[in-house]
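Taking the form predicted alone, here's one chain by itself in structure tokens.
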Amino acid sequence: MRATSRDETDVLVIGAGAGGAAVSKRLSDGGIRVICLEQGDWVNPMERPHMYDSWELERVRSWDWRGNVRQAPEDYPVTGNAAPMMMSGVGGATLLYAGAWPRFKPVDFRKGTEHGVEGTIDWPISYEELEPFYTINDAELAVARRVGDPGNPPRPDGWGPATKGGSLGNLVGAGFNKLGWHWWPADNAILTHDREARLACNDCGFCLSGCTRGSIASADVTYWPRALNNGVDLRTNARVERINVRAGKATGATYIDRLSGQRHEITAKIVVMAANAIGTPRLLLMSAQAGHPDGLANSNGMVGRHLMFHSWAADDFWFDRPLEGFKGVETAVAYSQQFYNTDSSRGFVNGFSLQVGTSLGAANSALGTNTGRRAPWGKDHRDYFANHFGRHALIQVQGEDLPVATNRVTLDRDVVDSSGLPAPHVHYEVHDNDRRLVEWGRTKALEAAHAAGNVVDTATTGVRGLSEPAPGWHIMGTCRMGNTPEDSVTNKWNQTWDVPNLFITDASSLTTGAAVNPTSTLQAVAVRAAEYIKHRFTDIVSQSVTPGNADAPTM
């Protein structure tokens, strides 16, 4: 199909979210010309739900984390049996995240050696190899933390102290102490001191709909201003239709201007995919062409496979005292990783984090907080509300799910987006191992709550992800990194085995999902890949370096 215009660049980045923003900025620091294509647009902070009187309702309507609910023209429909969290726009899903910022642990990089269940493989890199890039990324974002956690490797000081745990964090932390369990205040990519144009968190407690103050380190307020200052050409409302390949090399991409409907072609020496763990396999599969009949980077049939979401259960606990859980950061004030490592005597492999979260506002509380315990209508409403609002703590079981090959992304050509391109189809079934893990984890969440104080009421999701497919807050693994062309889509530098100048730098590249939020790790991986591209740019372009045979970049 003929494009109406052509442009040329050194590196073409597809997707302006967490990975694409990090790569664009780091490459342009080195003087490399970058064009980035994003199918969404900039989001004006004043358009966020904070500005609505009905803000607690807007966050589940026009700002819902599911594109299938929002149905905005920049979104694309997702068919199948799961509802993934995605956002099209400059910043991607970081526009809707709460800034929780744990790192993977060293053990997470060697799960193939540890148990190897359901096709689990070791990462091609270690924690120690990735650690310098975690540190670079933390500095770019100004992460808040308390150093000294004895349950994790040392980390550098943050931009400011850890976000406040408040009465809620202190109460649950006391419960962990009573049981002798490890716990620590959570790292968060949320400012506790002002930085440049970004303001420190004011504890408004409404993180998952974004931050009008710029306190949360979403990519639009961290990496992108600096990338644009470096001269990166960021094109919004640009929906990529196909990655183009000739003679075994990626030559660029064809995209559709969503506003005009016109097609344009970008030629590039290197192409970097960062369209999230559903959008990236979708585009690779849509890019089937001569020499690549099953899609790009897919000669082994692994593109779209090993989809991971995390196994979850969310339990609400109401105590006999005010906790003011409507203040402070939304999803993580503290965590316990007492049960993080595999102990097969429990009846499953892998482990989980217990993540302590907050409760939001009055309407959210009346509507059932996280687990659907709604306040009754009628004469009992006022008493119920008085005994529940502000007395709530959330303890989430965040478990590592197995990278099952049949959990995957394919194309649904019977459903199309607003540009006429086929929708991704998601198939996800919870493995019995993950069911057992989360059920056992819920008993520990209950134990922690009762150790913390007098629990007067409880509610649960019914173990989200077990009675139904997982919610897909964290989408990972569909183009995983690996050690050989037989077990993965990319090598240790995020370079696809099949097309050596095509890289993948979003959460689809994560080999395993760990039992923590993935954003800090996917961005560290993206920074590492960007430094590699800068270091070996000429060799990659000339194909004198084949995937898997290159030296590390000098930092």
Partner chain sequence: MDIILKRNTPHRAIRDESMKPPMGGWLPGITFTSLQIRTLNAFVDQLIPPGGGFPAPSEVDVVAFFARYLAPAGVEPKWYPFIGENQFRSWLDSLGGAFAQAESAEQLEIVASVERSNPGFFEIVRDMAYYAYYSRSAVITTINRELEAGKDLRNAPQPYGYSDTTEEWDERLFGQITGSYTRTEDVRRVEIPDVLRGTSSKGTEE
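The shown structure was predicted, so the numbers you read here are calculated from the model rather than taken from an experiment. Numbering follows the first chain given and starts at 1.
Another form exists, predicted in complex with its partner chain; not displayed. Remarks below refer to it.
In the predicted complex, its partner chain lies farther than 4.5 Å from every heavy atom of residue 100. Although the partner is absent here, residue 157 lies well away from its partner chain in the predicted complex, with no heavy atom inside 4.5 Å. By the criterion of a heavy atom within 4.5 Å, residue 497 is excluded from the residues contacting its partner chain in the predicted complex. Taking non-hydrogen atoms only, residue 65 never approaches its partner chain to within 4.5 angstroms in the predicted complex. Annotated contact segment (heavy atom within 4.5 Å of its partner chain in the predicted complex): 177-185, selected among 177-185, 274-282, 442-450, 239-247.
Contact with its partner chain in the predicted complex holds for all three of 113, 116 and 264, each having a heavy atom within 4.5 Å.
Residue-level contacts in the predicted complex: of 334, 83, 136, 142, one residue has a heavy atom within 4.5 Å of its partner chain, and it is 334.
Shown without its partner, this chain lists 232, 253, 476, 219 as candidates; in the predicted complex, only 232 has a non-hydrogen atom within 4.5 angstroms of its partner chain. Using a 4.5 Å cut-off on any heavy atom, the residues of 375-410 that reach its partner chain in the predicted complex are, in sequence order, 375, 376, 377, 378, 379, 381, 382, 385, 386, 389, 390, 391, 404, 406, 408.
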